[in-house]
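Here we start with a single chain on its own, the form predicted on its own, put down as structure tokens.
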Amino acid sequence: MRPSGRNLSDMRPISIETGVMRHAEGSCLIRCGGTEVLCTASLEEKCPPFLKGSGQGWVTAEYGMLPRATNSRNKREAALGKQSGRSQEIQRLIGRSLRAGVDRRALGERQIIIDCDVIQADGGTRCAAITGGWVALRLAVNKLMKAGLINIDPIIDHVAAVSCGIYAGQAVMDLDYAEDSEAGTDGNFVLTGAGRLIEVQMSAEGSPFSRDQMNQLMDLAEAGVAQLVAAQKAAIA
């Protein structure tokens, strides 16, 4: 039995509320159970210097957690004078994942920055940030197209992510913190709406896992991302 009482293949309740930030070109608040992440997209009409003259745009991300997003207060990274290695790793993952779903030449020489701020953490924050970040990105691109600044939709497909792992010897989907902290295997799966893989992060936190278990987790991830994509579609409809 999972601590939450969910079945092995059950996701936590998902909600995506759009238009939550007045000034951002795209924004949403995504809730996955007890995890809540505020995602905003900001448009800059210039690309990074390394892309100048290339005809290609760029999508990047920043990630952070509020001090009381967890059960005890964390110091603000700004107060410490540097980002943690964890934050840097996660925001690079978010950026890589979202770029995989974008035709950067169709975007033109401009940059969209996705900010992901964790309001409340209960496991799967990076997955929620990717899923919500795509919605914010989609809304920002919609504004570009409506304004006539681009003629071809640069977004190739949906991008969403879900965590799956081995908990108490069983393959489970969408780990919350109680499961994540005790999981024998922890994995994050980033897929497109068409079910194609973008990135898989997996590690054995306890004992090594088998190829069969890996396949079970992949099956769960495909089903979970399908549900997340449905939530994305409903949010931007």
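Everything quoted here is computed from the prediction, not taken from an experiment. Numbering starts at 1 and runs along the sequence shown.
Missing here is the form predicted together with another copy of the chain; even so, the following discussion is about that form.
For the three residues 73, 100 and 202, a heavy atom within 4.5 Å of another copy of the chain turns up in the model of the complex in every case. Interface membership of residue 183, defined by any non-hydrogen atom within 4.5 Å of another copy of the chain in the model of the complex, is ruled out. Although the partner is absent from this view, residue 116 contacts another copy of the chain in the model of the complex, with a non-hydrogen atom inside 4.5 angstroms. At a distance threshold of 4.5 angstroms between non-hydrogen atoms, residue 147 is out of contact with another copy of the chain in the model of the complex. Within 4.5 Å of some heavy atom of another copy of the chain in the model of the complex lies at least one heavy atom of residue 208. Of the candidate stretches 127-135, 162-170, 79-87, 147-155, only 79-87 contains residues with a heavy atom within 4.5 Å of another copy of the chain in the model of the complex.
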